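What follows is one chain in structure tokens, specifically the form predicted on its own.
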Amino acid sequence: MAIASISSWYAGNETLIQNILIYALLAFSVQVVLRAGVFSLAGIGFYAIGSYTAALLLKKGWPTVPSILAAVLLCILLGYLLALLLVRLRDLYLAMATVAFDLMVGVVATNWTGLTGGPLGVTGIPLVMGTLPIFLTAVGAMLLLGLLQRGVLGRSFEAIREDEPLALTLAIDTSRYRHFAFVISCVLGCLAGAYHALLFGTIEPTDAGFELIVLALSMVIIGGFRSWAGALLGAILLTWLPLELTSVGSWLNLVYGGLMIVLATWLPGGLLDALRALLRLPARLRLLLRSPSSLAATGEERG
């Protein structure tokens, strides 16, 4: 009975799970650069590039894996060139430049009718993608980001984010690390877009428009940008929440905005930090409830 119930639940929620995994990859693409102090939203532009490239190659008769790999290689090249172009920009200026890049990709997709289908997009894409490859990619991305987060690279990213001039004095090659983070972001965005196209069979220029930029940034901020787990939490919440708030209708953006304001004001670490604080709460309560004599005895033993 339990297996049948799980199977029934999965069948009813498969599309939701697929969307969560795709948006998780997109959220990772934003989170990885923010951890390095690079305020880039270029991953959304590469979401569009990856989706169009993989879809068009597949329609020309390419196998699935080579189509996705070709899209990834193209995004690595374009991402590195874009990183070189924007190397002098920081903070808000870099964010504005990458948003401009995303919008430019949308304009190209809308007007290059002969290649992209124009405003109507690309349809009839073979549905060759299932949940398992997306799941394995998302898990692989989480493991990779977890290793990076705990290793030398993660510490270098944190040093660059907190104080780039100081990181330079510690012989950290900040430009190389920033470029590396930028390219990883582009690859993750590319994979999210490619999987979306091959899973749902259609692409439109509006799929990677300003709404997706806001959604990706919201997922990371609401979940918590300091860890991939926060990005995953944000992706789950903001994919599932609209289904639960269908009655809100056009007021949904107001709910998102309210969440952003509340979290930025009182929980700058996002929901992940709030969950960690709740998990630590029992231990803190036990410490507070201990008698002064036992605390004194503990202090004497340590002394």
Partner chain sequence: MLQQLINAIVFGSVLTLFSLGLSLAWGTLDVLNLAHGAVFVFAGFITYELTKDSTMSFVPTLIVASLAAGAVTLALELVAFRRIRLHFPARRQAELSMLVVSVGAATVIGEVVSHQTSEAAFSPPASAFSIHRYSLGGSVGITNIQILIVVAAIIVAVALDQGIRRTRYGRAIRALAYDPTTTQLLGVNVGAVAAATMFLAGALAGLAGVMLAIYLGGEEVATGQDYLLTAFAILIVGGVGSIRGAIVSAYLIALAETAVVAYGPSQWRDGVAFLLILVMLLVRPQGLFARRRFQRA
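The structure displayed is predicted, hence computed values, not measured ones. Residue numbers count along the first chain shown, from 1.
In what follows, reference is made to the form predicted together with its partner chain, a form of this protein that is not presented.
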Practice task
Please state whether every one of the three residues Glu14, Lys59 and Leu69 places a non-hydrogen atom within 4.5 angstroms of its partner chain in the predicted bound form.
Solution key: no
Exercise for the section: Tell me the stretch among 129-137, 69-77, 197-205, 89-97 that has any heavy atom within 4.5 angstroms of its partner chain in the predicted bound form. Expected result: 89-97
Practice task
Sort through Leu243, Val65, Ala277, Ala264 and report the residue having a heavy atom within 4.5 Å of its partner chain in the predicted bound form.
Solution key: Ala264
Exercise for the section: Find the only residue in Leu212, Ile125, Leu233, Ile221 having a heavy atom within 4.5 Å of its partner chain in the predicted bound form. Expected result: Ile221
Handout entry: Interface membership of Leu34, its partner chain in the predicted bound form, 4.5 Å heavy atom rule
Key = yes
Exercise for the section: Find out whether any non-hydrogen atom of Met260 is located within 4.5 angstroms of its partner chain in the predicted bound form, and reply yes or no. Expected result: yes
Handout entry: its partner chain contact at Ala229 in the predicted bound form, heavy atom, 4.5 Å
Key = no
Problem - Close approach of Leu120 to its partner chain in the predicted bound form, 4.5 Å, heavy atom - result: no
